[in-house]
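Next up: a single chain in structure tokens, the form predicted alone.
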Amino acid sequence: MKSVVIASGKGGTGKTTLTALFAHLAAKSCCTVLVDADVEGSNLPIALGVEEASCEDFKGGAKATVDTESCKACGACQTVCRFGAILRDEAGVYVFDQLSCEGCGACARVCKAGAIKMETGAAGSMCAGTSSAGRMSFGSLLPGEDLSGKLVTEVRRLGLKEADDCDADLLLIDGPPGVGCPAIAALADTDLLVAIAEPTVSGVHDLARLAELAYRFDLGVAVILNKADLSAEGADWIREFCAERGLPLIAEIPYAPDIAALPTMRFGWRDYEPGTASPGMAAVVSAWRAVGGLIGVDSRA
């Protein structure tokens, strides 16, 4: 089985739309399992209409809780809290702000009454379901929670289980934006990074950061220039960067509102023949064929 992660240095480049398009094109010729690794903004299940999803809790880091009956209101916990997570209300009762708590445990260590405990609760969820393009795993991190990289790892684990169960040919991963812990968890142990770039100054900078991350993983990179006709100068910057770094620029997709609208149309386009599709869709098909060629999977669409 081959695994491909589609990522970008920032949000809004069109990576989820392209992942959804690639998913349907891939499903025409090979058994594909999808992973949405963007756990802080999981949109692929919406685009591909996931149904029959089963979910389980994702356990986050420990947070401090207080037993008000045991609390002696000495204030030691508030004194050592560096995050302003412990407040005292008008009645003199100490209240813990779970969103501000970083789980360091200092308050529990100084509480002589033993009123403070460190407890682990749900920080999000990880799910598996069936989409219009095949099986999918995805997750959702609750607001204010951390460990997004760990949740990405767990979502990928679910995806690998789905792939093993159906003997899949391809694991297609919609990666998170940026180059932080979630992106690192999404890129690890994959065969190819498809980097989506925009024709802007920041697009070049974001592509450079993503390429550097892939280099540290010894991971091959293929670049797609999306919305290529929005800036001729910006497009030249991306082309020059790819030429300087030796990165294959496998496709240039023009700005096409009809492509952005396709997920809301339940992929009624999927019976299009490449010759009859719009220029934007024809470029997407060409991009998918190039990806398939790089990883050695059947990419006929």
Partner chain sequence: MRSRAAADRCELADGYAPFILAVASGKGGTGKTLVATNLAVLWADAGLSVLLADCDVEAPNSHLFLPARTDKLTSVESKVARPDSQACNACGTCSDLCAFGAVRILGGTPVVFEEICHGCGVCVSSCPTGAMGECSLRVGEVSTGVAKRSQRLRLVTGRLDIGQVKAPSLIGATREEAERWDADILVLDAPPGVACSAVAAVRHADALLLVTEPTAFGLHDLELSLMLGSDMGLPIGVVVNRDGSGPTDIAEFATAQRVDVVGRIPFDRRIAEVYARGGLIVDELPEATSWLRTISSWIEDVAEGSAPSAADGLRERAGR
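Positions refer to the first chain, counted from 1. What you see is a predicted model, and the numbers here were worked out from it, not measured in a lab. C-alpha atoms forming the largest set that superposes within 1.5 Å between two forms make up the rigid core.
There is another form of this protein, the form predicted together with its partner chain, and it is not shown here; the text below is about that form.
Shown without its partner, this chain lists 120, 130, 78, 202 as candidates; in the predicted bound form, only 202 has a non-hydrogen atom within 4.5 angstroms of its partner chain.
None of 111, 192, 160, 181 but one reaches within 4.5 angstroms of its partner chain in the predicted bound form through a heavy atom, and that residue is 181. Of the stretches 96-104, 218-226, 161-169, 67-75, only 96-104 has residues with a heavy atom within 4.5 Å of its partner chain in the predicted bound form. Although the partner is absent here, residue 233 lies within 4.5 Å of its partner chain in the predicted bound form, judged by heavy atoms.
For residue 145, a non-hydrogen atom is located within 4.5 Å of its partner chain in the predicted bound form, even though that partner is not displayed. Interface membership of residue 88, defined by any non-hydrogen atom within 4.5 Å of its partner chain in the predicted bound form, is ruled out. Proximity of residue 26 to its partner chain in the predicted bound form: non-hydrogen atoms within 4.5 Å are absent; the residue sits far from the partner. Residues 9, 10, 11, 12, 16, 17 are the members of 1-31 with a non-hydrogen atom no more than 4.5 angstroms from its partner chain in the predicted bound form.
After superposition on the rigid core, the Cα atom of residue 100 is displaced by 2 Å or more between this form and the one not shown.
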